[in-house]
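In structure tokens, one chain follows: the form predicted on its own.
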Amino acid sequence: MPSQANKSAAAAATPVKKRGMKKETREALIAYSFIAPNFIGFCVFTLVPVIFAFVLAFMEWDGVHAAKFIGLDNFIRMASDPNFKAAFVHTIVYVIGTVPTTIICALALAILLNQKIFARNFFRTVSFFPYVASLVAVAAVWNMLFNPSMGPVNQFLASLGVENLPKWAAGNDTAMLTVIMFSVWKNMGYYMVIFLAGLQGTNPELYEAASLDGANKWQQFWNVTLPQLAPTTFFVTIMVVIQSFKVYNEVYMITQGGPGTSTLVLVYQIYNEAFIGTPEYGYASALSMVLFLLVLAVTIIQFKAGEDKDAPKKKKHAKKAA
């Protein structure tokens, strides 16, 4: 029989299995612990309210009495609601007026401030300042500048001999134009920074090759700059479109949806239905669902258009690889 010393030596030589979780499990738990606070916050403050709003869109509820299921009545009501029709049309007009203007102004400003000009960093800061400045402050200044009777803009137009001075935010025909101008001026600095980043990532050798081929500045911009900025432009377009459909702050600070309903947009109507007068949370939620579907449809169309543009390039690269 083996001695006690041999048994002890054999036991010592046998590897001891560590008890506890595996390394992969511990690493996964650590990763989930970092994600958990943000995920819980998303569920509590975003996911649950969205689901609740979707359910509420098929109900009638004033926040006091018990909610009542009414099916599609809230959506049927929109067909005969003049405020919804006005808000829908004005939202589309705002998007059509704001999106291309913001992109063009931001791109032009980025190209200008990408050149080696005097005090370039100062002008970049000045251009970006309206975006980070207080909305209340810049809206108050804007309303003073475009005041129909005492504003310096109308005084300047009067000095040029203009007789029928525009009423700007106080006029039915010019109120939406004023909101669009204000939105473009306030937001184009932010998108200018994004375009600047895209311009600084372009290949300078392509410009040298284009110059040797005799291309002028416009041809270089159209055939060299824009193609290289395609991903940046696509991103900016998506962001501006979504932001334009969700416009509320600019309308509230400049016109409060007026005069009348000339600048009433969907988000502002949702606010009015939910918080002004007798609350109609069900109808406001139904309007929110319409806005959500509208933004979703436009975004899908934009992504589909972007994929269609990239398809010929992918086929060309595939042929080259073959």
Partner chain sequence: MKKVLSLALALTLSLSLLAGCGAASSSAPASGSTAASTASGDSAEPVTLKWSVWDIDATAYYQPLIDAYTEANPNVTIEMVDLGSTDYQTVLATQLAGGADDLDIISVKDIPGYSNLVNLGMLEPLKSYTDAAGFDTTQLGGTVEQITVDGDYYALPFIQSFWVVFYNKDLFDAAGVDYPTNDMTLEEYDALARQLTSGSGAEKVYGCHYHNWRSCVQLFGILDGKNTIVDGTYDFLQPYYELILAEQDDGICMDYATIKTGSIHYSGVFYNNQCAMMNQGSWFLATQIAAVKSGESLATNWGIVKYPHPEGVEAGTTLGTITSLGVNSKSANKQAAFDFIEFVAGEEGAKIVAETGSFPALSSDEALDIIAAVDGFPTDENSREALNTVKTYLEMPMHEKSADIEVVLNQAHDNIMTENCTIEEGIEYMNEGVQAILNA
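Positions refer to the first chain, counted from 1. By rigid core we mean the largest C-alpha set that fits within 1.5 Å across both forms. Just so it is clear, the structure is predicted and the values come from calculations on it, not from any experiment.
If you look for the form predicted in complex with its partner chain, you will not find it shown, but the lines that follow are about it.
S.K.: Find out whether any non-hydrogen atom of residue 166 is located within 4.5 angstroms of its partner chain in the predicted complex, and reply yes or no.
M.R.: No, residue 166 stays farther than 4.5 Å from its partner chain in the predicted complex.
S.K.: Residue-level contact is defined here as any heavy atom of the residue lying within 4.5 Å of its partner chain in the predicted complex; does residue 271 satisfy this criterion?
M.R.: Heavy-atom contact with its partner chain at 4.5 Å: present for residue 271.
S.K.: Using the partner position in the predicted complex, report whether residue 220 sits within 4.5 Å of its partner chain, counting heavy atoms only.
M.R.: The answer is no: residue 220 has no heavy atom within 4.5 Å of its partner chain.
S.K.: Although its partner chain is absent from this view, report whether residue 79 comes within 4.5 Å of it in the predicted complex, heavy atoms only.
M.R.: Residue 79: no, not in contact with its partner chain in the predicted complex.
S.K.: Can you tell me which residues in 61-89 come within 4.5 angstroms of its partner chain in the predicted complex, by heavy atoms?
M.R.: Contacts from 61-89: 61, 62, 63, 64, 65, 66, 67.
S.K.: For residue 279, decide whether the Cα shift between the shown form and the other one is 2 Å or greater, given a superposition on the rigid core.
M.R.: Yes; that C-alpha moves by at least 2 Å between the shown form and the other one.
S.K.: Any chance the CA of residue 53 moves 2 angstroms or more between the shown form and the other one, core superposed?
M.R.: Yes; that C-alpha moves by at least 2 Å between the shown form and the other one.
S.K.: With the core lined up, does the C-alpha of residue 67 move 2 Å or more between the shown form and the other one?
M.R.: Passes the 2 Å threshold, so yes.
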